[in-house]
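Just one chain follows, in the form predicted alone, and it is written as structure tokens.
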């Protein structure tokens, strides 16, 4: 089987009531169209053909080179959309699989089964069907007494008897390519909507005595098409269950899966425990034996093994092995906490490196700073990194003790082993091994043997 996949993504999606093209609405942190493109890429080495229309440029920017593009303008229905794709299909392709960009839960396994039935039974058309009570606008699959498909009846056209049929057409098909290209030009416009429908091809094939097969989905949730924000929420819930189950089977403990939110691109190591109301988002990587939550948000960050994040926000940050954070801390973009760092409650770090073993207990802010190993940052200490126009760096070398409520007015450097007294306002560099205190801070030559504040030794520093 020489296969090409065509993904229909040209619709405006008016029921979403959004300026964003429907197929770009996010689902578990990823635009829904990318799920379908990823699934299609698992079926064939040929990149899928994406039929775009409304918001075409925006869709191209998101999908990039993962697909080839055909523009449908104007949008005159599904049959018209597939006809536009012919120019992009390799002439040697003998089978065309058609699916939709707003059906992101369809799996590669389900589509492979569709392809296998189509090939093994030498069908002209094979359609993916689903059985459920709520038709959600799908057409009914009408079969004869021998179980052969005779027609697809749209919901608005169904008789009371046909309306009781539970087998529905999902709109995903395998076609014999040569037969398809021959028959697409013969589709007639629907008199009500003025569009060309792929479903009319079923009647053509039946009239010619061609083989038409139907393959039922084992999991009905795969057929969740998204047309409204309500549908989007339903698909999000179904996908979240799928993601959570996958990670639990991979050795991750979710204390309460119903209140654990893991996006599609997150990676988690085994023996990690995730507590309720935790959100793992974006390109996040979690090591082994971590403890996350409850009430943690971790976005686009990397956590090494055996890290703890309790009731805190971590975004764009790197935590090396054995780091513990929280509760109620905030790591912002560019924060890098080295091995064994402790960051306690109500701390904030932005665009800064904290060296191995450094402790930042509580109520402190560190921004645009480089901090060495085994530094103690006292309660209420802050780096004053912004002068209203520019950001300035702070450097704190190994073994420094920063006293409570110290204000480090950048640019400033605190030398190795130095100390600051409580409430110090540091406006100048502090040499290694020195003690500074006061407003502005005064500097002693050496921490050892320093006199009491106000002694003759302090004057003139």
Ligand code: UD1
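Given the structure is predicted, the values throughout are model-derived calculations rather than measurements. Positions refer to the first chain, counted from 1.
Keep in mind that the form predicted in complex with this ligand is not shown, yet the notes after this line are about it.
For the options 275, 346, 138, 179, the one in contact with this ligand in the model of the complex, meaning a heavy atom within 4.5 Å, is 138.
Between this ligand and the residues 259, 227, 318, 370, the one pair within 4.5 Å by heavy atoms in the model of the complex involves 227. Contact check for residue 101: a non-hydrogen atom falls within 4.5 Å of this ligand in the model of the complex.
Proximity of residue 236 to this ligand in the model of the complex falls outside the 4.5 Å heavy atom cutoff. In the model of the complex, none of the heavy atoms of residue 293 sits within 4.5 Å of a heavy atom of this ligand. The closest non-hydrogen atom of residue 187 lies beyond 4.5 Å of this ligand in the model of the complex. In short, of 283 to 291, 349 to 357, 78 to 86, 384 to 392 it is 78 to 86 that has heavy atoms within 4.5 Å of this ligand in the model of the complex. Looking at 1 to 32, the residues that come within 4.5 Å of this ligand in the model of the complex, counting any heavy atom, are 8, 9, 10, 11, 15, 22.
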